[in-house]
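A single chain comes next, written as structure tokens; it is the form predicted on its own.
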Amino acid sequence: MENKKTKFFDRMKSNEYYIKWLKNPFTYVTAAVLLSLFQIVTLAVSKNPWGVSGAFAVWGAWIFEAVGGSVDKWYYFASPGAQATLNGGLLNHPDSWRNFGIIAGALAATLLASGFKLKKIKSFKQVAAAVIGGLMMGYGARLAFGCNIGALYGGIASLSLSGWVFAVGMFLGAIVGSKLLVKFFM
């Protein structure tokens, strides 16, 4: 039995389709075309542009309510639509399902490309930078009513000026962030 498994995996590793579609990374053009197609399908099926960070606000509200809090009076969750989303639960929330799909897809892509590695944390500075950067990105995404997916791709795809403004801000932020990273952490 072990010999059959070994032969199967040896054949897979030399299979040109496996190498082209699963082992090697996609080109930037292929990735851009796939992202565009996914955005179009999402817009056509759900009648909403693709979004990621909005679900995190809903998850936070569910967790807050699970520990005894109430978000009914909060402006963000006061509308009948937001209340319906909160009352509908996780299994009826399409944005949550998309986020779970993104997480599962990223894990599958990493595993298929043999890129998964557990690494030792180098320093406390590395952890602090990751935590501070993640919090700033999350907070900024909610202020902009979307991350690069919702505010950038969704904004540009719906022909909104806000998507282009977000692109310029993201570009300038990347320059400033890179300079700060080099100055304080390199």
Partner chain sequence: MAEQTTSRRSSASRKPKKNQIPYGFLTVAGIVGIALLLNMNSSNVAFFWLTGAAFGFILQKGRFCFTASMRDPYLTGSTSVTRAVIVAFAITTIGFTAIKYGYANAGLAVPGMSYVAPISFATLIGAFIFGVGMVIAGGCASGTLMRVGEGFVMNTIAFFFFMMGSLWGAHDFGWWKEHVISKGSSVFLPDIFGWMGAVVLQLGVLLILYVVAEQYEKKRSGSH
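In this text, the rigid core denotes the largest set of C-alpha atoms whose superposition between the two forms falls within 1.5 Å. Positions refer to the first chain, counted from 1. This structure is a prediction, so every number in the text was calculated from the model and none was measured.
Only in words, not in the display: the form predicted in complex with the partner chain, which the text now covers.
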Problem set entry | Contact flag, residue 114 vs the partner chain in the predicted bound form, heavy atom cut 4.5 Å | yes
Exercise. Hey, in the predicted bound form, does residue 66 get a heavy atom within 4.5 angstroms of the partner chain?
Worked result: no
For this session: Answer yes if any heavy atom of residue 164 is within 4.5 Å of a heavy atom of the partner chain in the predicted bound form; otherwise answer no.
Result: yes
Exercise. Would residue 82 show up as a contact with the partner chain in the predicted bound form if we use heavy atoms at 4.5 Å?
Worked result: no
Problem set entry | Heavy atom contacts to the partner chain in the predicted bound form at 4.5 Å, residues of 37-57 in sequence order | 38, 39, 40, 41, 42, 43, 44, 45, 46, 47, 48, 49, 50, 51, 52, 53, 56, 57
Exercise. On a core-based superposition, does residue 121 travel 2 Å or more at its Cα between this form and the one not shown?
Worked result: yes
For this session: Please check if residue 111 moves between this form and the one not shown, taking a CA shift of 2 Å or more relative to the superposed core as movement.
Result: yes
Exercise. Closer or farther: how do the Cα atoms of residue 115 and residue 178 compare in the predicted bound form relative to this form, given a change of at least 3 Å?
Worked result: farther
